[in-house]
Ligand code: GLU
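To begin, one chain is listed below as structure tokens, in the form predicted on its own.
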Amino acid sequence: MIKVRFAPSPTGFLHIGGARTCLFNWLYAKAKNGKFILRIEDTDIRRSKKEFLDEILESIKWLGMDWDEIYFQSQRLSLYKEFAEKLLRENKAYQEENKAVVFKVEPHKIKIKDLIHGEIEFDTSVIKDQVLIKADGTPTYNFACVVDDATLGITHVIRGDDHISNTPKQILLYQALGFLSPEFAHIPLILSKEGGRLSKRKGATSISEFRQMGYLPEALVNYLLLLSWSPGENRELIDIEEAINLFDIKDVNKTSAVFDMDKLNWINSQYIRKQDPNELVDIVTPLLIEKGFVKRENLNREYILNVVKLFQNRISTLAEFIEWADFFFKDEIEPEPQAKEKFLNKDLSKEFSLFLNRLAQLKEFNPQTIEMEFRQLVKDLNLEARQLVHPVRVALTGKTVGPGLFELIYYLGKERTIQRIKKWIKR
């Protein structure tokens, strides 16, 4: 049975690169009816924190992945010590004065057939003797990695190609301990659009940050899939269940992938558009509560649903919904300075008053009757519609773009519409 693992270290949040490695391991296990193991590399007691572990596990679950087994290296220290003592007994390692255990590297050539990069040859004569157990009794990365992968029955090691340099050091240990080496597949790195590795300085990098920014997990997974893999036929939208049927680690590209926020935003917008509006309400309501726009104890779900429907085909992220739809939930709005200067810098008291009179007299208040009265008014005033549309929009929303004006007025309501426009008549 194929068995793969993802081995995060709880010294920070789950990075976008780590999430893709996790996804490719999970996908490969699903595609081959294998097992997916989580191994938490938490031997660095000083830097490992529960808050990071919680975030990593929550992010993996949020992305829709599960695991068959979970192990913690901090609970396996006696196992590493046992295998280090075996190498000492067989004279394949030696102990330094500070109690550190060091592996003797014998120079020779090592060849592996990487499932992505093809054949790679290493010369171990350039590798110095390797510390296995540090003076403080904790194992080094490469030693713990080999002991775990071998004893847990990992058949395929799928990881970033920044680990290629670790591979010969680990193969030496597999050979010395009498273990069969797993197959290796090294995934190319994810680079920023400007070049170089992704970093906090160049924008969001952790899954929790993308979650806070209003990306849907299905959309983020879809985008991560396209970083070094393709379903073919130039497709950019693919359901995870279909991806499981198509995925093979051997099809991953050798070249580095470029992280493109514009493409992610487009994919996210497509998922938002096809999402059930009621499900979107469930997702945005906590964000609205957090912003203080609605109160949990007396929220109007039907009202939120109507506002969501107005914006569903216009937004790329749910954070944009909170930003663009704020005027539906605020009592007071202040127009953006440029919008105010451009559209509310002259006296429109007469036009605004006439429009309000028509609204007040409407017996049926709906988008169709509002539009009919508005168009009749601009015709009577001998104006082009845009000459009044933009000032009314800015007076009501503070913004220059948004949903259709007449739907907007309908959902904002007659009373609030009249109140907001009256403020500009007074001014």
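In case it trips you up, residue 1 is the first one in the sequence shown, and so on. All values derive from a computational prediction rather than experimental measurement.
Another form, the form predicted together with the named molecule, is not on view; read the next lines as being about it.
For the named molecule in the model of the complex, the listed stretch (287-295, 256-264, 171-179, 138-146) containing residues with heavy atoms inside 4.5 Å is 138-146.
Proximity to the named molecule in the model of the complex, taken as a non-hydrogen atom within 4.5 angstroms, holds for one residue of K342, H163, K86, K134, which is H163.
Of the candidates H156, R159, R76, R211, R159 is the one whose heavy atoms come within 4.5 Å of the named molecule in the model of the complex; the others do not. Shown alone here, A7 lies within 4.5 Å of the named molecule in the model of the complex, counting heavy atoms only. Although the partner is absent here, E41 sits close enough that one of its heavy atoms falls within 4.5 Å of the named molecule in the model of the complex.
Contact residues in stretch 272-287 (any heavy atom within 4.5 Å of the named molecule, taken in the model of the complex) are absent; none meets the cut-off.
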